[in-house]
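Structure 1 and structure 2, given next as structure tokens, are two forms of the same protein chain, each shown alone.
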Structure 1
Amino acid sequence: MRIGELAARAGTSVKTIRYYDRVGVLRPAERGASGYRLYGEDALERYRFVRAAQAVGLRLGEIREVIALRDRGETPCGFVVDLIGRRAAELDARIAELQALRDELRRLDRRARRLDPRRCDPGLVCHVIDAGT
């Protein structure tokens, strides 16, 4: 099938399919004489895999590596578990960071309620933030 049909059946845009070709996660089976990308039925399944992998936080570059392993006949499971572990660690760090920021905002908000806006120091931009430094 051609790119338009694949995109329609996959429920995505032609641009996205072309982009996936470019980054190497979804290559067409072949190119027609006119240069058109031609895909087999398996392209649909492959597309769904890419989406599922993206949904669990893998980047297209990583997904490409997973697919390359598979195409070389190896089982990418170990590699995938590794990736997932690393992503989980990054995620934990990121969540902790955001939590800390969230706590800081809560603190600022409580302080803002205690401060009197009329007693704002004119030399500062805003005592809500300035004093919290």
Structure 2
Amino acid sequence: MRIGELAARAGTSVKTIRYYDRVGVLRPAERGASGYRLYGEDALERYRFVRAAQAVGLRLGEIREVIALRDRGETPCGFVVDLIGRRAAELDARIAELQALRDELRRLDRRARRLDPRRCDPGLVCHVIDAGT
């Protein structure tokens, strides 16, 4: 199938297919006599794998590594399990950061509700967000 058909069947754009081709997560397309890229059914399956891997938080470079393992005939499961564990740990850290930020915003909100705008120090940009507090 030509690139436009692959994109249509995958529910994406030709630009995305070309990008995935360029970064190495799709096998390089063969070229027909007319010079058009020609893809097999395996390209659609690989595209779907890439999207599923992205949906669980894997980055394209990591996905490329998983695909390279499979293309060498190796089973990538152990590598994928390690990636998933690392991504979960990164999310835990990010969640903790976001919770701390939420707590700080709530503290600022409570503080702001007690402040009197008429007593605002003209030397500060905003006394709600005061770098000195």
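For clarity, a rigid core is taken as the largest C-alpha set superposing within 1.5 Å between two forms. Residue indices: 1-based, along structure 1. These figures come from a predicted structure and were not determined experimentally.
Working note: structure 2 is the copy from the form predicted on its own; the remaining copy is not. Core-superposed comparison between structure 1 and structure 2: the Cα of A55 travels less than 2 Å. Fitting the two forms on the rigid core leaves the C-alpha of G73 displaced by under 2 angstroms between structure 1 and structure 2. After superposition on the rigid core, the Cα atom of S34 is displaced by 3.7 Å between structure 1 and structure 2.
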